[in-house]
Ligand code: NAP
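Have a look below at one chain only, the form predicted alone, in structure tokens format.
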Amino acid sequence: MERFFMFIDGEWVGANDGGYLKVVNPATEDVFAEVPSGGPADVDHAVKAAYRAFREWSESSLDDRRSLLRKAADIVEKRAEDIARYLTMEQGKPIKQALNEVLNAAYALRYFGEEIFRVYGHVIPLPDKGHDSIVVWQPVGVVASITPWNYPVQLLSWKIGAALAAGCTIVAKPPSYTPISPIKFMECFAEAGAPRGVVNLVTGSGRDVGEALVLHPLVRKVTFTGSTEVGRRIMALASQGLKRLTLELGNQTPMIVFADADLDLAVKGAVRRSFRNMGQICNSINRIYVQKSIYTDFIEKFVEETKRLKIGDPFDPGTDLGPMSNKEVLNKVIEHVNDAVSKGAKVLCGGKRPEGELFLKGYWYEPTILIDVNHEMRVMKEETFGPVVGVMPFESIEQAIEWANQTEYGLVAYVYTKSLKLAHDVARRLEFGSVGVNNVDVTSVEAPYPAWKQSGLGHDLGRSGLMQYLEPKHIKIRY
């Protein structure tokens, strides 16, 4: 069994109390590695190291920051296959998708290293002669980063890239289910020559490590991606220190397919975004509304394309879907499907564990399409976070928009239509931070990823995501 360590103040260390957490392969349920079970003492060590390093790093040149991020990105790319292998082992993601995640993480580091050069201050003209008001942007301070298990490397890169580019130091808490690929990712910063204390990583549970990080008085900003329930808890804890927050939380994603849509394109998008990574993505499609005149055709094509997906060994390059990442999310999927069926839904495909020797152990579930659904079913109003989608016909544009918006969440929605006017009107009326029109890939490192309503506060990505790690300072000068 392999053993990994935390990274604190430039050194690889175990937990203060000597404890370890087991890491499970979701395809087999076998324990294959262990990581330190950190606690408040380890958090205090890491945060104080980050605080000591903050002044020098915050005053470093933009060239120095860009150089570190570039070097780290280069090393990530060189080690991409190794990092991806661990990612697949601990998360279940097919190896090609895991490799893509790692390479996307390297791209994010490079992007933020360049984008910091495009953050400008300004001078405000004043009516008083002999005075200037100058506005500059300065790093917020020590950042606590708490990331989820579904994209443990890519989401960490969004936060660490922006924080370091802004001049902040960081303490990262990786997810307990998938801590190893973030550790391997952090190794790249160590090899790139990150100054002591600038980047730190503490493994452990949310209760022991996450809460201690949020409450630590030297932490000035908390960035978290995860469930709305945990986000509310973090917000409450952070309020005690009036800490800056970025929270990307849950979602309940609708897709609307209008009668004039390119049906094949819409089906392709529905299959990709309903089931990729076993539906364990914050922007996965939970419910699809299809205009009544094309509903039957859409369903037939959707089922046909879904049945072509290959579920199996995540290390097989031909695999489309691996296992779910843990037993907790698998149980929730089963609960949602059973709830829908008990209330009248019909399972068109999936709805069970795959058959065969490979699937006797592990957290497996077939991609599942439900029809005859309604909005009283949990699958249509809660975030399943699994490979399950409900499909309903709609009559009018107004009905589709009303149904799509009747959720407390507001992260992402999708629209398919050939009408530019319809796309424009519907996209503006949907109460979501991102709307994909004729595509289901709304996240771009260069653009903001806003969280509306109960989906969070603030946002990652883009220049405005970088600004979340900076604070304005007004300097008024009398000459």
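These numbers were taken from a predicted model, which means no experiment stands behind them. We number the residues from 1 along the sequence you see.
Omitted here: the form predicted together with this ligand. The next part is about that form.
- Message: Considering non-hydrogen atoms and a 4.5 Å limit, which listed residue (337, 267, 194, 155) is close to this ligand in the model of the complex?
- Response: Contact with this ligand in the model of the complex is made by 155 alone.
- Among 148, 351, 139, 312, which has any heavy atom within 4.5 Å of this ligand in the model of the complex? The option sitting close enough to the partner is 148.
- With the partner left out here, if you bring back this ligand in the model of the complex, are 275, 368 and 438 all within 4.5 Å of it by some heavy atom? Per the other structure, none of 275, 368 and 438 touch this ligand.
- Query: Are any of the heavy atoms in residue 303 no more than 4.5 Å from a heavy atom of this ligand in the model of the complex?
  - Reply: Answer no; every heavy atom of residue 303 is more than 4.5 Å from this ligand in the model of the complex.
- Spell out, yes or no, whether the shortest heavy atom distance between residue 244 and this ligand in the model of the complex is within 4.5 Å. Heavy-atom contact with this ligand at 4.5 Å: absent for residue 244.
- Query: in the model of the complex, does residue 250 have a heavy atom within 4.5 Å of this ligand?
  - Reply: Judged by the heavy-atom cut-off of 4.5 Å, residue 250 is in contact with this ligand in the model of the complex.
- this ligand contact at residue 233 in the model of the complex, heavy atom, 4.5 Å: Yes.
- With the partner removed from view, which of 71-79, 203-211, 354-362, 125-133 is the stretch that lies within 4.5 Å of this ligand in the model of the complex, judged by heavy atom distances? Selected stretch: 203-211.
- Looking at this ligand in the model of the complex, which residues in 371-386 have at least one heavy atom within 4.5 Å of it? Result: 383, 385.
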